[in-house]
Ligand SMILES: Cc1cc2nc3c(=O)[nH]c(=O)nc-3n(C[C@H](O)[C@H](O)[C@H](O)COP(=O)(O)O)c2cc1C
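In the form predicted on its own, a lone chain appears below as structure tokens.
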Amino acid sequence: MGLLNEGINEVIATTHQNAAPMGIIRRNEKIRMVLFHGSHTAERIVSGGWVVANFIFDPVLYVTTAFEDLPAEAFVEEDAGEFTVERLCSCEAWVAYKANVERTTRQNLLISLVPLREEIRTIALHPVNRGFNSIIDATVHGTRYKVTRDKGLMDLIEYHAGIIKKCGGTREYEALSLLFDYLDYP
């Protein structure tokens, strides 16, 4: 099972009727996630024991899933051996993982992942697009800004907005506009 690169891989993770952008870490052939206590995703991974990494290259979907729930018709069930899992209908590829809590801290859960099943649904080339990459970064900062209203985070979002406006395409511009709407940015 080799869809993940070494380092942090940005995916849209799905659990039961839940989707959210997440980083899946692959280092030294170990696969893990770090989750914050209290999120829907963390609760469902702990209770269900599984998570699916959905490989998607739609910046609007990354922003949307960071701030709101998708409708039930966005998901499809798949058999992954000991679990029936849910992936996104629109994903290009996916990997189902068995998820185990490896360590708990006051703020986080370290989740170890064991691959169960993967599928490549389409083969598409995605050239590096700094606008798309900056949407990912701006969205991460945006989820934190929404909670803290930290000016430093807004400065980072504005920095990435400049890259998106310079390097992005129509979908990145749409995603940035949506992000600003979620953040009540003027």
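Position 1 is the first residue in the sequence shown; the rest follow in order. Note that this is a predicted model, so its numbers are computed, not measured.
One more form of this protein should be noted, the form predicted together with the ligand, which is absent from this view; the next part is about it.
Contact with the ligand in the predicted bound form holds for none of I45, T104 and I111, as no heavy atom of theirs lies within 4.5 Å. Note on the interface: of 115 to 123, 156 to 164, 47 to 55, 29 to 37, the segment with non-hydrogen atoms within 4.5 angstroms of the ligand in the predicted bound form is 29 to 37. Taking the partner from elsewhere, I136 is found to have a heavy atom lying within 4.5 Å of the ligand in the predicted bound form. Contact annotation for A66: at least one heavy atom lies within 4.5 Å of the ligand in the predicted bound form. The ligand in the predicted bound form comes within 4.5 Å of a heavy atom belonging to M22. Using a 4.5 angstroms threshold between heavy atoms, T143 counts as touching the ligand in the predicted bound form.
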